[in-house]
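Next comes just one chain, in structure tokens: the form predicted alone.
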């Protein structure tokens, strides 16, 4: 007779699950409230969402204290992994989400925010992202990936504009393909090592001296394709501009930040041991992907006539820029990745939110698209404050000092030089210079051209509610005064990365 297996609650360390369970409980509560009494005002759901996100943030902060005191913590049969990467990523995920949710109060014209399901799906999506970053178990990563992705597909479709359904279907199709690649990659490495935990896979492959290099190559190719889709790296980027265009402006900004930091953390965990194992062909492939992603997306951004699509290609370029940290593989580079993404979160969410300020339900005759450059012509005369703030975000994205992203770019390029990638550092600097052209192009339209009038003689001016002004104001302050907090942020990030052994 088999003896019973005794599992103590203490050994499960269920507190490692707390940050992920809080948004799940919040989502379920919103759905229950809607079932009991439907038709309540969306402000209730906004407040509830913010409350649970704040609780989530506090839980992550508590986990960070435990990590700094005790080091890496495992839980739930050792599938949960709370280390510095997990904590930093969750801070960015929850923090950016707390900035996004108040945008639901901006205006009644965005009907998707009137549905309780929107807020429930949003919280489920955040829980999925948190599961992705807080484990090195490939099965749990896949569960988090699919949970977040399925919720995100629906959120995009709920925008219900002409291109929203097309964008959601395109994202779903590409996402399903990426999920298939991820599954096949995980299957290959399980067959090679008998484990689905990244740490154990690394140990077994190292012990075998990477004897089955052909199969390792196949598995890495599948994983690189899967991460390429999620990070919109070239040549897996084709969905990104169309999906961003079909989403609301703020959702597009959110998509450019939060899903990508989750994918970056998983990619960092997986590729780091391969990069350090001395596999030359992996370095070459990653080098090519990084350079082409940065450069080609900048070239495409140069010829865009729609500001939203320009920002979409710009986000692809930034993803390529940050992917360089995984190629370099040093502690400084990994710290640079998080520093860059924290600063990028303020700037890019602010940029896309500014597109929301002057959105029209019906396009005037002189506009070929919802966010064409002509729409911003002469904005300094029709909406001077909005034009100055938008120019501020463009200058930051271009990497001009002393604005936020300059410091992120500087530290990333510095880590490339220190890591021995001098030519890559020059390519990164050159791409930053190229990107400056299309960011300055929008500033030229706003400050040096005359406002364009429709046939009715009306000039469409920017408009914003208090909630939108508040979020844009926070983003602007973060962009302007980031240089004051660069050293504390860098020390905070480096401490977590270094103590995680990355």
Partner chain sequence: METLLYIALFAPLVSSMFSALFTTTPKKTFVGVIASLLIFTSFVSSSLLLALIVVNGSAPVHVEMMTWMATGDLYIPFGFIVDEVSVTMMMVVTLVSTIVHIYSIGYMDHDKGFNRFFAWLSAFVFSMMVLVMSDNYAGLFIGWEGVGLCSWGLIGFWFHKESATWAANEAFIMNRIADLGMLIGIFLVYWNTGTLQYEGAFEAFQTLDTATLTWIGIFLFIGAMGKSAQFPLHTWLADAMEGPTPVSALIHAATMVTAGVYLVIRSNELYSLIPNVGLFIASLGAFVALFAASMALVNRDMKRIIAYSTLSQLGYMFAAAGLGAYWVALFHLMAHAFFKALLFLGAGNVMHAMHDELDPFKMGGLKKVMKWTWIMMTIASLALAGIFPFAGFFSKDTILEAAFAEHHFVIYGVLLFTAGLTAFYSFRLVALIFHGEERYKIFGIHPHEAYRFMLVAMSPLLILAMIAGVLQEPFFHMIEEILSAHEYHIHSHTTLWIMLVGTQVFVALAILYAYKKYANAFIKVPDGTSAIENSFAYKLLYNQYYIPYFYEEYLVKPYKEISDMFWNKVDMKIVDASVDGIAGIIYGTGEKTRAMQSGNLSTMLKWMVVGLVVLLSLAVVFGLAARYSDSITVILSGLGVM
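Residue numbers count along the first chain shown, from 1. Because the structure is predicted, anything quoted here is derived from the model rather than measured.
Keep in mind that the form predicted together with its partner chain is missing from the display, and what follows is about it.
Checking 207 to 215, 337 to 345, 258 to 266, 418 to 426 against its partner chain in the predicted complex, the stretch whose residues place heavy atoms within 4.5 Å of it is 207 to 215. Taking the partner from elsewhere, no residue among 51, 151 and 477 has a non-hydrogen atom within 4.5 angstroms of its partner chain in the predicted complex. This chain appears without its partner; in the predicted complex, the one residue of 403, 239, 100, 142 with a heavy atom within 4.5 Å of its partner chain is 239. In terms of contact with its partner chain in the predicted complex, the residue from 444, 61, 40, 434 that brings a heavy atom within 4.5 Å is 434. Put simply, residue 235 is close to its partner chain in the predicted complex: some heavy atom of it is within 4.5 Å. A residue is said to contact a partner when one of its heavy atoms sits within 4.5 Å of a partner heavy atom; residue 73 fails this definition for its partner chain in the predicted complex, lying far away. Mapping the unseen interface onto this chain, residue 119 falls outside it, with no heavy atom inside 4.5 Å of its partner chain in the predicted complex.
Its partner chain is not shown here, but in the predicted complex it comes within 4.5 Å of a heavy atom of residue 313. Along 266 to 296, residues 280, 281, 285 each place a heavy atom within 4.5 Å of its partner chain in the predicted complex.
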